[in-house]
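Only one chain is given next, in C-alpha cells, and it is the form predicted alone.
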Amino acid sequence: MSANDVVITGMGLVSSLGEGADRHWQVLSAPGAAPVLEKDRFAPYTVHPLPEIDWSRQIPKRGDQRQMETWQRLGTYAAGLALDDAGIKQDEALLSAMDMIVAAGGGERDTAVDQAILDAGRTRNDRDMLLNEKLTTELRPTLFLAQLSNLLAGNISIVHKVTGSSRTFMGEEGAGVAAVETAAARIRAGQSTHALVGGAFQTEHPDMLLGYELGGLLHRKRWKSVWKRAANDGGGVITGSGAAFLVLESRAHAQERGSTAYAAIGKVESGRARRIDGNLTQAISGLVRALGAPKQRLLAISGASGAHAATGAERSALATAGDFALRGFASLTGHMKEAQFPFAIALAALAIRNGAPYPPFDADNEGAIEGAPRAALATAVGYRRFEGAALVVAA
C-alpha cells in the first residue's frame, strides 16, 4: 500500500435502471435483471431512456436548469450524486481544491433549425447565401455556446463549487478512458489529492442517433444482449442515456478525512490500435496482460458496445488473456459513449465493496464466478477507435 494509491470514495450513477450506486447494485446484483427499453419513439432503433429525474435535487436553481441542455443537466446531476456520496458536497475547502476531469461530447444540436435549413435548401440553389442568412437569424451566439463541450465542467463548477483545475476530453469512449487515466496518474504522482472524474451521454435526441446511423453502427431489430447482435441486425450498437462520475482520492487524503473507499484503482492501460491492420484482438490482450491482474478467475465488467468488430475482438482477447467471467453491462444500460469507462469502473468497485459478483446478464454467453471478488477488470473498447482497461482492487 502507498499513501498515493488511488481510491474511489464516491460515485454518482444514472442510467435507464435508475439513479445512485445503491439502486444500480440492487438491480444488477439480482438474477434476471431486465433492460428498460424505448422501442417506439425512434423506431426502428431501440434506446435505453433516462428514468424520471427530479433535477432540483442536485441543481436547485431553475435558472441553472434552463440554460443547460439535457446532457449537461445529466452530468451535473450525476456529479452532485458523487460529491454527496463522498461526503464532500458541503465542504467548501475541499471543493475549492478539487480537480475535475470531464469526458464530454459536442452537445446537442437544435434540430428544428437543422430541419429548416435542409427544407430551405431543397428549393434554393444559392445555398451559400442561405447558410449566411441562417447564421444571422437562427444560430444565435448563446445557442452555439450552449454546445461547447467544456460547459459541462463549467456548470459543475457553478452549481457544485468545484473550482480546482479543470480539464475536458473529447473522443467517445476514449475520452472516458483518458479522463480516468489522467486523474489516477496525477494522484499517484502527488500532483492531486482528490478529483471528480466522469462523463454523461444523452441519446434521446435525433442528432445523436443520426451520427451513429451514418456510421452504420445502430442495431435495428429486437433487443439482444451485446454478445448476440448479428450482422444482419445492423451495426450492433444500442445506445443509452446515462452518466457516471467518480470521486477519486489518494489513500492518505481519504484516510485523513475518515472516508471509506469502495475500492482502489490499480493500473490503467490505454491504446489506439491500427484496426485496419486487423490486430485489435492482440492489442486488447496486450492491454489486459499489462495490468498485472492476479492469476485467478476474475470478474470482467465489459463496456462492450455491441459493435461487431470491436465487441468480437474484445471477447476473443479476454478469452486468451486470462480467466474472466464476462459481464457486458451495456446489455442492460445501453452504450453510454463518454461515460462508458467510468461506469464500468464504478460497477467493478460496487462488486468489490459488496463482496459479491454480478450474476450473468446473458446466461448463454457469460460464465459463473464464485466468491467475494478482491479484484475486477473494467474495459471500454471504442466502437471505432481507442481501447482502455483498468484493474480495480479491494482498497
Partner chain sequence: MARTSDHLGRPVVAVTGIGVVTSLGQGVADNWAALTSGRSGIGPITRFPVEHLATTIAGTVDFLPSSDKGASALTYELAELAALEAVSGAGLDVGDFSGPLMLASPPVELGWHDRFRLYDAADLSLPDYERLLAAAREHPGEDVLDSTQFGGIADRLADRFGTRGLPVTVSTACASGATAIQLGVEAIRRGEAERALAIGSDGSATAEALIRFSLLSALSTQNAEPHKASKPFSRDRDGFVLAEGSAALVLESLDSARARGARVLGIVAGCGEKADDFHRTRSKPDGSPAIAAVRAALADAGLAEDGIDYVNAHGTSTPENDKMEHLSLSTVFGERMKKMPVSSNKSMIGHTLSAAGAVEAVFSILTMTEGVIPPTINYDQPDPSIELDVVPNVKREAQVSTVLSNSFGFGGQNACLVMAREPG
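Positions refer to the first chain, counted from 1. If you're wondering where the values come from, they're calculated on a predicted model, not measured in any experiment.
There is another form of the same protein, the form predicted in complex with its partner chain; it is not shown, and what comes next is about it.
Enquirer: Of these, Gly87, Gly286, Gly215, Gly266, which has a heavy atom no more than 4.5 Å from its partner chain in the model of the complex?
Expert: Contact check passes for Gly215.
Enquirer: Quick one: does Ala30 come within 4.5 Å of its partner chain in the model of the complex, counting heavy atoms only?
Expert: No, Ala30 stays farther than 4.5 Å from its partner chain in the model of the complex.
Enquirer: Is Gly355 near its partner chain? Define near as a heavy atom within 4.5 Å, in the model of the complex.
Expert: No, Gly355 sits far enough from its partner chain in the model of the complex that none of its heavy atoms falls within 4.5 Å.
Enquirer: So in the model of the complex, does any heavy atom of Arg222 sit within 4.5 Å of its partner chain?
Expert: Outside the cut-off, so no.
Enquirer: With heavy atoms only and a cut-off of 4.5 Å, decide whether Pro206 touches its partner chain in the model of the complex.
Expert: Heavy-atom contact with its partner chain at 4.5 Å: present for Pro206.
Enquirer: Name the stretch, out of 114-122, 289-297, 241-249, 310-318, where some heavy atom lies within 4.5 Å of its partner chain in the model of the complex.
Expert: Contact criterion met by 114-122 only.
Enquirer: Would you mind checking 37-74 for residues with a heavy atom within 4.5 Å of its partner chain in the model of the complex?
Expert: Sequence-ordered list: Asp40, Arg41, Phe42, Ala43, Pro44, Tyr45, Asp64, Gln67, Met68.
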